[in-house]
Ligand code: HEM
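Okay, here we've got a single chain as structure tokens, the form predicted on its own, with questions on binding and movement later.
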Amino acid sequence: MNEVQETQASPTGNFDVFLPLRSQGALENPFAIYSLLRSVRPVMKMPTEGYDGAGVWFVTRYEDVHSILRDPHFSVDRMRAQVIRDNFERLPSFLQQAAQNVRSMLTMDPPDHTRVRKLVNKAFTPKRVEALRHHIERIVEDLLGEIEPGQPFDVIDAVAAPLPAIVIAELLGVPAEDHRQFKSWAAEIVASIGQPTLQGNRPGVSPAAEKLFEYLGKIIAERRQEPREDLISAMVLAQEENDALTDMELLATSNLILLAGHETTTNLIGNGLLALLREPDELDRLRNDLSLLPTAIEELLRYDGPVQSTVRIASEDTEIGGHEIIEGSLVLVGIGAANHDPAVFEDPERLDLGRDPNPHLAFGFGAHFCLGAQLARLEGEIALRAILERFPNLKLRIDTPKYRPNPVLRGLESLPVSQ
């Protein structure tokens, strides 16, 4: 517990509630810290030196995480958290942005969340997602075909990063050939999560976010003049005909779909393949029976999921695990910790590709359940199937691939392999 107890924010310095989870050891294996906290302090008040208001809590038990995610008395509106209002200038830049400048569905409560999600949900129905299967398979084959036979390659750069970026760009209506550019912006934006410094051109917005907003704004303007069969055009039409979205909501929603639609899937493919390569018995099990892929994807999401935590704010006084959580408290909801809770998952540190049941919370739960969950599952399944079939002797080239310095969105910087 020393690492957690001794990591405190200076009252005059940067305010960084994620600091205990950003050490190199925690980035490589946060699950050891989660296990300790679940056993000793499953509902923990994070140290906020010099601050006496409604504080920050970290919740790691499945029962508590599941309860909070489905409870409408916990808000996603960051500005309802007293600690954010009182320490705004000391917050990581991504929290400043989410709280004040560009509000997306992630930071909207009903009825605004319901209104916006209902509009966007039409593009992610199971029928529409399944209709993309053959197209996604062709994209994967094209990407794998660019890999030099017999030569080492980086799975992230070759497949895990470009695949979901291309798919979501086409769905949204962003030129797919620009995927490397917006992937670069996304990487810079995501890297700011958990980082205490702010380098934006205006409060709360990073230079990369400024560029991405400008880029999307131009595409939105083009679709107003010449609509196409894409999601941006559909949202523009809904705005003009039904006044369903404000200009800022249209921009924020486009930005959210573009970022969330590929970052998390990149992490699913990368983290998932790394887990398989480290567990040769399970890898052989899957190679010998690819019909296991659907349950394998669920287990990989549970075992080393792309999203480790999310944020909720208590909108009234409540109690969690015997602790009083006062109105305005910010709660870090430990999704990754919940997915390794032995009270729910037998032998949770073991990778079991046939695990059933598997009620993981990798995509969240309740009203804010991930909109693109089915698309992520489909892309992950297609990508892993193609990689395993094309490269029967795939091996890691380094023992410990490096994770990006991000305690919330968990993903690899690279995954070097040999054929």
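None of these values were measured; they are calculated from a predicted model. We number the residues from 1 along the sequence you see.
From this point on, the text means the form predicted together with the ligand, which you will not see here.
Peer 1: Consider residue 260 of the chain shown here, and say whether it contacts the ligand in the predicted complex, taking contact as heavy atoms within 4.5 Å.
Peer 2: Contact check for residue 260: yes, within 4.5 Å of the ligand in the predicted complex.
Peer 1: Might residue 36 be said to contact the ligand in the predicted complex, defining contact as any heavy atom within 4.5 Å?
Peer 2: Residue 36: no, not in contact with the ligand in the predicted complex.
Peer 1: Using 4.5 Å between non-hydrogen atoms, is residue 368 touching the ligand in the predicted complex?
Peer 2: Result yes; residue 368 sits at the interface with the ligand in the predicted complex.
Peer 1: Would residue 318 sit within 4.5 Å of the ligand in the predicted complex, counting heavy atoms only?
Peer 2: Looking in the predicted complex, residue contacts with the ligand do not include residue 318, since no heavy atom lies within 4.5 Å.
Peer 1: Select, from the options 140-148, 309-317, 237-245, 207-215, the stretch whose residues sit within 4.5 angstroms of the ligand in the predicted complex by heavy atom distance.
Peer 2: Of the stretches listed, the one contacting the partner is 309-317.
Peer 1: Identify, from the list 301, 186, 232, 330, the residue with a heavy atom within 4.5 Å of the ligand in the predicted complex.
Peer 2: None of the others qualify; the residue that does is 301.
Peer 1: Looking at 326, 343, 106, 79, which has any heavy atom no more than 4.5 Å from the ligand in the predicted complex?
Peer 2: Exactly one listed residue reaches within 4.5 Å, namely 106.
Peer 1: Quick one: which residues from 360-386 get a non-hydrogen atom within 4.5 Å of the ligand in the predicted complex?
Peer 2: Contacting residues: 362, 363, 364, 367, 368, 369, 370, 371, 372, 375, 376.
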